[in-house]
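Here you get one chain, nothing else, as structure tokens; it is the form predicted alone.
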């Protein structure tokens, strides 16, 4: 069924995000900023809902809202050290409040709100596929350029300072890349499914991989495997894609922890 022409575009759209989002999630987990992903996804949903009554494209509204959230996060972190977790929470709550108010007051927003939160991948089309493929290309090129600097900034925080440089520009570029990725994924797979992809595959990879490149490969493998299983299972059971994907990823995370606990107990 995934290769039926009716389902091919949604299948490939989800597959592209199943590769791109876990890779971004690995860097977010490295920086202990995985909660920012949920804030970006929620802000993207709010932006898409706000774009509809304004007559703007939904993709544009979601993308701009997520990028604005990344800029706010960056500015607040630069102004006040230790504010990091609070910024994520405030952005998350702001996006949730805006989304719920839109759904409650605009009848047309209700259906879109359900699609954004339930993750109705099967209703995506060629525009979503083009956005997913573009996102995958940008993530590949962007992280190829940023990866070394991000790793140096995390593992050797004095490296840039010793050279009279700042890592803030690198962090801002990555924040914008992560926000754009989460925004586009949210438009296709939904808020919580996008968060599950960004959080749980790296969570599993951190437990079992023995190096950075191995962790990236394992995170992608978990994301792709979960997508394949969720796509087939949701079609067979006639269920929304997002919750099925999130459930499979949660099961993978729990199984990983149980297996690791048994290995330690031997």
Partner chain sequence: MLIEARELCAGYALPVVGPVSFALARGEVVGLVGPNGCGKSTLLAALLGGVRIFAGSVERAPGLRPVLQTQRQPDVDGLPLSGGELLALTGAATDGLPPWLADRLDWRLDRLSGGQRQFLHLWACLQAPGDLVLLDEPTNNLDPAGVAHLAGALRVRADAGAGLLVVSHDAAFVDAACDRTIRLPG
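Positions refer to the first chain, counted from 1. Just so we're clear, the structure is a prediction, and the values are computed from it rather than from any experiment.
Heads up, the form predicted in complex with its partner chain isn't pictured, but that's what we're talking about next.
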Exactly one listed stretch (208-216, 228-236, 61-69, 40-48) reaches within 4.5 angstroms of its partner chain in the predicted complex by non-hydrogen atoms, and it is 208-216
The one residue among 114, 145, 154, 169 placing a heavy atom within 4.5 Å of its partner chain in the predicted complex is 154
Check your understanding: Is residue 123 one of the residues lying within 4.5 Å of its partner chain in the predicted complex, judged by heavy atom distances?
Key -> no
Decide whether residue 30 counts as a contact residue for its partner chain in the predicted complex under a heavy atom distance cut-off of 4.5 Å.
yes
